[in-house]
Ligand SMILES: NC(=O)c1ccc[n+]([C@@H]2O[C@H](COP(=O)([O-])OP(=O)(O)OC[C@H]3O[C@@H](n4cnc5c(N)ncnc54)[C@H](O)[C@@H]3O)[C@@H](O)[C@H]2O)c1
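Before any questions on how it binds or moves, here is one chain, the form predicted on its own, in structure tokens.
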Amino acid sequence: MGKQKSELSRRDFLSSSAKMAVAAASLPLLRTKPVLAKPASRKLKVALVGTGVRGSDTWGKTLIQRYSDVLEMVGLCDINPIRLEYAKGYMGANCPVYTDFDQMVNNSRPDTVIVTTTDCFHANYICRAMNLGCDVITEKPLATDEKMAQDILDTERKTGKKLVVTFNYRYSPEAEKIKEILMSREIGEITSVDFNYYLDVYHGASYFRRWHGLKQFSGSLFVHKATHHFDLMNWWLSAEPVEVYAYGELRKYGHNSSFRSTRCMNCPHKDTCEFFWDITADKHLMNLYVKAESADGYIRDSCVFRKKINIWDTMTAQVQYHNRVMMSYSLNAFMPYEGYYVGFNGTLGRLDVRVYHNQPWKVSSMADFRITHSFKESRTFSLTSGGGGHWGADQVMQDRILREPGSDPLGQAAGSRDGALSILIGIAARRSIEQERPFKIEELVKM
């Protein structure tokens, strides 16, 4: 009976897609440039909430070391006081620390709050910071469900504060090159896209041993991880999603094992489990997480086979855009290598891009491009990665946000609408799987 319902829903979706796309093509693509209010006579006062790896490194230590000439870190906040104290020393911060967010904002009076907490709490801190008079920089994803997304959009409109979403993937060398090629219209008008992303058995597994493995915290990988990919596609196509149909299963992790434990450390199966990960070999993670467990009970090296895992590791989605482009997307989280393949079909030809991240073989390039014109030969070229975090993308993004916000020739700066549209594809995909039907974006949020 469930299968019959699914087939009927999909048939309805396909038969109505052309009519739906034409009707949606007149939707306005509203964009408010997310530029932070920067004081002219002093440094930007910044406060950080969430002192995990991303917060203490990229938005903590790096900011203090590289941008101290333009900003001042005035407060750090985390619900875990042990992690908070360690992170302060690790970052080299010289500011007060707080376990109460409102107290931090009221005492330190930041211009901007940076949010790097667990995903499901992003919306709470974003909205509270704006209501207290602060601009916000937030890590992706913007939020984990549609209600949170609506709250953020409504609060931004009400307060008039600025929100920047840190989609660093937009600033990677291959992403910029893809955008330039599509903007040149060398392959004509884009009609459809094939996008396949591969997480390997090391990086992919890491999501299942952390809080990300629980849907209530991460929204699933359709939200936490795929928000990057959906944002890239929205940006590459200069388009907004209209409808999503998706499938997802848990095929490798979670219940798919004959043995399991609570965590890797002290696991009785560590000599035979291929996914054993020794957190004790990383002093920084031991200090940041293991030594802080007594304060909140969070285990950083949880078993990837624990039965509580409720996200998917094998996912596909079909996405219809307002400009009639159709995307076929997949995400697999236990592959032998990592990277992605994307192919754009245009009225004048096709663009194929293969991006290499973590590979079991040596490659001389990070990304291989092939442009094939109809009735003509192909041309190929390759790109190498940039240095620094996320193939050089992190520093480029932070420079644009903090030093040169007016410089944005490719439209890479991302605000609340960009953040919302990227997660709404993932949320619609999740709802589609749960309800076995296609899901329209307009069912979720009033933009």
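Numbers follow the displayed sequence, beginning with 1. All values reported here derive from a predicted model rather than from experimental measurement.
A second form of this protein, the form predicted together with the named molecule, is not displayed here; the remarks below concern that form.
**Q** Since the chain is shown here on its own, which stretch among 176-184, 271-279, 238-246, 220-228 would lie within 4.5 Å of the named molecule in the model of the complex, judged by heavy atoms?
**A** Every other range fails; the passing one is 220-228.
**Q** Is it the case that residue 53, even though its partner is missing from this view, gets within 4.5 Å of the named molecule in the model of the complex, heavy atoms only?
**A** Heavy-atom contact with the named molecule at 4.5 Å: present for residue 53.
**Q** Would you classify residue 234 as touching the named molecule in the model of the complex, given a 4.5 Å non-hydrogen atom cut-off?
**A** No, residue 234 sits far enough from the named molecule in the model of the complex that none of its heavy atoms falls within 4.5 Å.
**Q** Report whether the minimum heavy atom distance between residue 329 and the named molecule in the model of the complex is within 4.5 Å.
**A** Residue-level check for residue 329: no, no contact with the named molecule.
**Q** Residue 166 near the named molecule in the model of the complex, any heavy atom under 4.5 Å?
**A** Residue 166 belongs to the contact set for the named molecule.
**Q** Just one of 170, 322, 161, 210 has a heavy atom within 4.5 angstroms of the named molecule in the model of the complex, so which one?
**A** Of the candidates 170, 322, 161, 210, 210 is the one lying within 4.5 Å of the named molecule in the model of the complex.
**Q** Can you work out which of 390, 43, 400, 66 has a heavy atom no more than 4.5 Å from the named molecule in the model of the complex?
**A** Checked against the cut-off, the match is 390.
**Q** Considering only 63-100, what residues come within 4.5 Å of the named molecule in the model of the complex, judged by heavy atoms?
**A** Residues within 4.5 Å: 78, 79, 80, 83.
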